[in-house]
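Shown here is one chain on its own, the form predicted on its own, set out as structure tokens.
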Amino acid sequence: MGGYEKGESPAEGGVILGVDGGTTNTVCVCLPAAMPPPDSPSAVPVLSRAIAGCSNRNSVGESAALETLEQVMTQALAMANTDRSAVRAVCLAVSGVNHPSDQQRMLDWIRDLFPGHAKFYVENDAVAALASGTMGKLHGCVLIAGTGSIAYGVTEDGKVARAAGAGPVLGDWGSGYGIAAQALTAVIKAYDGRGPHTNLTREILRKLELSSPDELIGWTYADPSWARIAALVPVVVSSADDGDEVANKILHDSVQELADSVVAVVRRLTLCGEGHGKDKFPLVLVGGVLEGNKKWNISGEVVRCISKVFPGVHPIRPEVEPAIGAALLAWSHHRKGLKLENGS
């Protein structure tokens, strides 16, 4: 990133914090509040970057989630040779923030952490992911498919809509957890004689160093954390690459679920335009499930499905991480506030 090295003192005028809090990990970046508008992704002057564990309260509980958020922000400030008094604005973009009451509870908490007149913004992590692809402009749709999944859209006049993102029980269809859980279920069904033979049995047992599908029950419930289950996705993809019919069906179904989520959001917000529905709109693609593979290009298949309904879809692979998207949002709000104070 442009202009600053880790450990340098921040520019005068304080700092901005952007936090991307996910189910797998949490990232915080620190930017100088007085930076000029970046003209490219590489021009964003990152003062520091810190990383910690899960901050999704639905996964680890509220106390542990807040502890992780405080830890990662404190670490980022220390790495930038500054402290909480220099913070001008913070955007917390955290998975599991799904309701105004979630936002308010987190706002009340963070206001007690920072002295002075800092501004705070609490969003779902999908907002930061969208901003990472649009360099801080909130317009279009984002599809996240990592441990969990969500489709989230924003219109230019601020209307929002979402689909999926309700956790593994209620609706993370097409997510890493969803894919891996289906694979584990397929192995158990095959072992019981209730489902077709699949090479997933051999490959998953080899990956987990287990000798029998019976042992999967103990392995799964010993620590049923979402990220631990989702880590089996590469096994499913490689099995599909090798021609396994069960693995291929799991991925095909997951692609359709992800595409359906985006289509639902785009349709509700008419991001594709009125009438013919062929207007161009950005679709930001984020998450490990959507990364390219040897034969199975999951993101490409998702976009292909969406384009059948909305040919104006414009896929974007972000060049900066979601934490920078969150920081750019906080910086943009801060900058607008300064302009209002100065009467410009």
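Owing to the predicted nature of the structure, the values given are computational and were not obtained by experimental measurement. One rule holds for the numbers: they count along the sequence shown, beginning at 1.
Although it is not shown, the form predicted together with a further copy of the same chain is what the next lines describe.
Novice: Evaluate Trp173 for contact with a further copy of the same chain in the model of the complex, applying a 4.5 angstroms cut-off between non-hydrogen atoms, and reply yes or no.
Specialist: Result yes; Trp173 sits at the interface with a further copy of the same chain in the model of the complex.
Novice: With the partner left out here, check for me: in the model of the complex, does some heavy atom of Asp192 sit within 4.5 Å of a further copy of the same chain?
Specialist: Taking the distances in the model of the complex, the answer for Asp192 is yes, it comes within 4.5 Å of a further copy of the same chain.
Novice: Any of the heavy atoms of Trp226 lying within 4.5 Å of a further copy of the same chain in the model of the complex?
Specialist: Because a heavy atom of Trp226 falls inside 4.5 Å of a further copy of the same chain in the model of the complex, the answer is yes.
Novice: Is there a heavy atom of Ala164 lying 4.5 Å or less from a heavy atom of a further copy of the same chain in the model of the complex?
Specialist: Close contact exists here: in the model of the complex, Ala164 approaches a further copy of the same chain to within 4.5 Å, heavy atoms only.
Novice: Let me test this: is every residue among Asn25, Gln71 and Lys159 within 4.5 Å of a further copy of the same chain in the model of the complex, going by heavy atom positions?
Specialist: Result no, not one residue of the spot touches a further copy of the same chain.
Novice: Pick from 83-91, 193-201, 110-118, 134-142: which stretch has a heavy atom within 4.5 Å of a further copy of the same chain in the model of the complex?
Specialist: Of the stretches listed, the one contacting the partner is 193-201.
Novice: Identify, from the list Leu205, Val235, Ala181, Leu269, the residue with a heavy atom within 4.5 Å of a further copy of the same chain in the model of the complex.
Specialist: Contact check passes for Ala181.
Novice: Which pick from Leu216, Ala231, Val122, Met79 sits with a heavy atom within 4.5 Å of a further copy of the same chain in the model of the complex?
Specialist: Checked against the cut-off, the match is Leu216.
Novice: Let me know which residues along 81-113 have a heavy atom within 4.5 Å of a further copy of the same chain in the model of the complex, or say none if there are none.
Specialist: Heavy-atom contacts to a further copy of the same chain in the model of the complex: only His99.
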